[in-house]
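A lone chain, given as structure tokens: the form predicted on its own.
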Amino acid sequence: MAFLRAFGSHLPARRVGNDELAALTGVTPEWILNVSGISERRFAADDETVASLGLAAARNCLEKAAVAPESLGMILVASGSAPRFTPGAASQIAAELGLTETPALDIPVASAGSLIGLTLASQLAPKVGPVLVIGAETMSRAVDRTPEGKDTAILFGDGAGACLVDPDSGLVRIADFTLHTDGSASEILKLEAGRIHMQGLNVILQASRKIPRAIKTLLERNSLAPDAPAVYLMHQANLNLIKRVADTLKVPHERFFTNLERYGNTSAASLLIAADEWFAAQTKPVSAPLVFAAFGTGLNWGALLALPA
């Protein structure tokens, strides 16, 4: 058994509004808002990295959980934008936390990486102890802020989120999950040579079919209707995509938590940042199911079901 014990997050201080990006990409601020649902996003400072953002989110999470780094059994770090492939950010974050023997592994999957981390942690925590899952990205450095690159430049921001998966207790209990990969379509969404390449329409079509299917499979397997979850916490990719998923499931849009208007698409960090904000706003213990879902490079996608503890 495994529980989601605490969440944490960290966002860079610099806010980048649509006016600034519109001037660089040859579009209007209104167009950006209409196609993405994003008003502003955060960009990392020159001295901020995937590792430093992830470290700040990790410390925030551990502080909320009142857990010392020495108590961790493992660290998993999801990122698609780490500048160095190997060793990635995980070993650096572990070292900054003062850990010299705790296993720290990287999950190089943009967007869906933190969901993969949560599912892996749910299986590992009963064996190794508390697992810290981190999603951290500096995606603003992987786009071209030019008219030619406008379709990706307007979407992405930087940030980090974290979650402590505990074998004994927490806010909610991880009940089930489903993960999928379709490598035959991987060319439509990839990071290569430090740049993100995305066939936007194809990605939306794939995600809007695959995510609801994964969620339905998970809910049906646990005898739950789509209106049973208190909230759907999704990777914050695009507001129009989130609405499509809600419509397919016949669930009110309001049941899907969103914060991408303020942060943009922070890739593997977005799911955990969203969860941190949602849980921080709750005044009572969770009393209904929760669903986490994501879609990303690979193509990888899936969903995770959490129930009241």
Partner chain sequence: MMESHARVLSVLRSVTGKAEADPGEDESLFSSGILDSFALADFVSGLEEEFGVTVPDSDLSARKFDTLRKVDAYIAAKQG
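Positions refer to the first chain, counted from 1. The shown structure was predicted, so the numbers you read here are calculated from the model rather than taken from an experiment.
Heads up, the form predicted in complex with the partner chain isn't pictured, but that's what we're talking about next.
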| said: Whether N238 contacts the partner chain in the predicted complex should be assessed with a 4.5 Å heavy atom distance threshold; does it? | reply: yes
| query | Is the gap between A225 and the partner chain in the predicted complex 4.5 Å or less for some heavy atom pair? | reply | no
| request: May I ask you to state whether T217 is within 4.5 Å of the partner chain in the predicted complex, using heavy atom distances? | output: no
| message | Contact with the partner chain in the predicted complex for R42, defined as at least one heavy atom pair within 4.5 Å: yes or no? | response | no
| field | Options 256-264, 240-248, 51-59, 64-72; stretch whose heavy atom lies within 4.5 Å of the partner chain in the predicted complex | value | 240-248
| query | For the spot marked by R141, V143 and K150, is every residue within 4.5 Å of the partner chain in the predicted complex through some heavy atom? | reply | no
| note | Partner-free chain; cross-checking the partner chain in the predicted complex, the single residue of L179, V128, I204, L105 with a heavy atom within 4.5 Å is I204
| remark: in the predicted complex, the residue from R84, R221, H197, R213 with a non-hydrogen atom within 4.5 Å of the partner chain is R213
| Going through 135-169 from first to last, which residues have a non-hydrogen atom within 4.5 Å of the partner chain in the predicted complex? | none
